[in-house]
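Two separate entries follow, structure 1 and structure 2, each one form of the same protein chain as structure tokens.
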Structure 1
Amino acid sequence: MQHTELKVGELARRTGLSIRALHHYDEIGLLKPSAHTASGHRLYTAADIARLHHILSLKQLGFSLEEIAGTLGRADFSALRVVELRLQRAREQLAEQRQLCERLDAIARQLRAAEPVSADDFLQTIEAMTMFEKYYTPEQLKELEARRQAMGEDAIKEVEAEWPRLIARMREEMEKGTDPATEPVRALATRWRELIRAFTGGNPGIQKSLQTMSQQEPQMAQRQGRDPQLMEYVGRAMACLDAPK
């Protein structure tokens, strides 16, 4: 690793963090500078900067500072694993944000053509604009936006196209009366869980926000075909996945 030594002010400027935050990390033993100037000022080395990267990555993944300290202190800690987890999350994104883009684009086309835009069109767009700000923190929204940009439009379209098919197949099994414990339903439930995890990235904070939004916005779930009866069936299938064999 190349030789680098930055004073706390320079490190704060380069990273966008506050000097106060860096001092706090030092005080709690999370990020102690490896060197000091003759006058006692903190000097951060390349190894310190790498550790700071791991700290911020884990923080954005929903870890508390105490949990981060424990993770970095483990004998089996893997810097590669931290980077891979952060990369995975950067490649995931919200299907609903794409829907908002499509609605805004449709309204823009209507306005360019001097066509009337219905109140319902505006209401649906406003709903999409405010939905996520209501249930997700600014940090979570930034994480999801970075994920969308990294993931790319083609991958997002594939996920968006898969959800309706998966919902329809799950509903078909439910209407046939298929036992949720059977292999076909277990396979669908596994994929359902994978798509949810692709969205949340395993971030417990985003997972909680998603659950809260689903509970508080039943009309959104209904429009997507996720009515209470189907979700009860999905819940039973998930329980079968978790049950010991």
Structure 2
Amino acid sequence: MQHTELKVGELARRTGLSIRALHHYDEIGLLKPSAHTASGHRLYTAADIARLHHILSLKQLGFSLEEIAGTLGRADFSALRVVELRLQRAREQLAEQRQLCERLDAIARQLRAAEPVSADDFLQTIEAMTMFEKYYTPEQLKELEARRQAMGEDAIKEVEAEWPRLIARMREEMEKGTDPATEPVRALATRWRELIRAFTGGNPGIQKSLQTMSQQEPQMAQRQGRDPQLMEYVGRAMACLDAPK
């Protein structure tokens, strides 16, 4: 009955751990075999094996080896408190994972809906989504998504195609030096305002977030051809709309 002591290989086979892992536990003092052969081979006693089972249980709960060592070290710990702390951590990580999945899923859907996109479009899409998540609250994002749903795929694509054209025409007028209060510009400015309103839906929170984003991330606007100079021109045109000549 004294042959109950196991060597590493045997223990590894029985627990499914690697030999290296057991060596590691020995190294860091988490599980030191109580006996050794004369030649230095590790001999794990029944008590060692019981301890290992405890270790594996706690490991399955996501505790670090250090935490396990601490927990097994002193027997006076409050089990409930320890588990609840760990549960809290796990819940936070779960929420993060969920968010990540949602992000990826949203992007995948975008990609599936669109034509085969170029790498550049792809990166821009992601960047845009990241920005949106940064500047809009979750509720606002929901509302935006709802409005997109309501508009339908085609309408969205139309608007997305119209923006660059509108920007280009506005730039033309600016470069020609057209007075922003006069006609071709008034029409363009009106359309500009309409498109923005179609996006915000008149929601003041979303309007505010959009404004914040535009101010904080001028590079994004730049990439779409909306440089500060143009924006200032548009601003003047808008002002003229409100104050009719």
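Residue numbering: structure 1 sequence, from 1. Keep in mind that what you see is a predicted model, and the values were worked out from it rather than measured. Between two forms, the rigid core is the largest collection of C-alphas that superpose within 1.5 Å.
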Checklist outcome for this item: Output row: form predicted on its own located in structure 1
Item to check | Core-aligned CA displacement of residue 22 at least 2 Å between structure 1 and structure 2 | outcome: yes
Checklist entry - Taking the rigid core as the reference frame, is the Cα of residue 9 displaced by 2 Å or more between structure 1 and structure 2? => result yes
Checklist entry - Is there a C-alpha shift of 2 Å or more at residue 165 between structure 1 and structure 2 once the rigid core is superposed? => result no
Item to check | For residue 48, CA displacement between structure 1 and structure 2 after the core is overlaid, in Å | outcome: 67.2
